[in-house]
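Only one chain is included here, represented as structure tokens and corresponding to the form predicted on its own.
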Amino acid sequence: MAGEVPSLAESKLTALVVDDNLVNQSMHHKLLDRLGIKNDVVCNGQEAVDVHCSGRNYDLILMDMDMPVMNGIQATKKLREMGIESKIAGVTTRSKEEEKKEFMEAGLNDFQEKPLTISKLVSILHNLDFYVQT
């Protein structure tokens, strides 16, 4: 990766990675770590809902679309119904416009296609008004 990696080391931002794929979980966790963002990982939408029900809150949620138990669309709708105001970014391999539209309408604040990279993550953070020093 060329160039400087932006740093949020001074920030107190927190993020939740919601993805059933272990490789994606690891990649997203490491990308957030590189930016100094404390983060947790869960395997499906139901776990994301459960974490919030237990009282945890996050500034940012990286939400996959296709997961077992509860998918990203269902989880995003449920989190919004619960009054969760975290910024939610959909991160998926799906590229059909109607699928993106349905995901966005569920309550996403932003959307990026996988694979997630540092530049895509920084774009999400900028789009959602999180300060990123570059």
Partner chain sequence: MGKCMQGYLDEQFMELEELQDDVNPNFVEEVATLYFKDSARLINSIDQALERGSFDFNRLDNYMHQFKGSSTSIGASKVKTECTMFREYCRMGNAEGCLRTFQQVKKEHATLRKKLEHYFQLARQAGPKETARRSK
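Being a predicted model, the structure only gives us computed values, none of them experimental. Numbering follows the first chain given and starts at 1.
Heads up, the form predicted together with its partner chain isn't pictured, but that's what we're talking about next.
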### Query
Which residue, K101, R34, K38, R80, has a heavy atom that falls within 4.5 Å of its partner chain in the predicted complex?
R34
### Query
Using heavy atoms and a 4.5 Å limit, would one call K87 a contact residue for its partner chain in the predicted complex?
no
### Message
Since only the chain is shown here, I'm wondering whether H52 would be in contact with its partner chain in the predicted complex (any heavy atom pair within 4.5 Å).
### Response
no
### Query
Taking the shortest heavy atom distance, is L116 within 4.5 Å of its partner chain in the predicted complex?
yes
### Query
Though only this chain appears here, would Q112 touch its partner chain in the predicted complex if you measure heavy atom gaps against 4.5 Å?
no
### Query
Heavy atoms within 4.5 Å of its partner chain in the predicted complex: which stretch among 23 to 31, 43 to 51, 101 to 109, 69 to 77?
23 to 31
### Message
Need the contact residues for 80 to 101: heavy atom within 4.5 Å of its partner chain in the predicted complex, sequence order, or none if there are none.
### Response
T93, R94
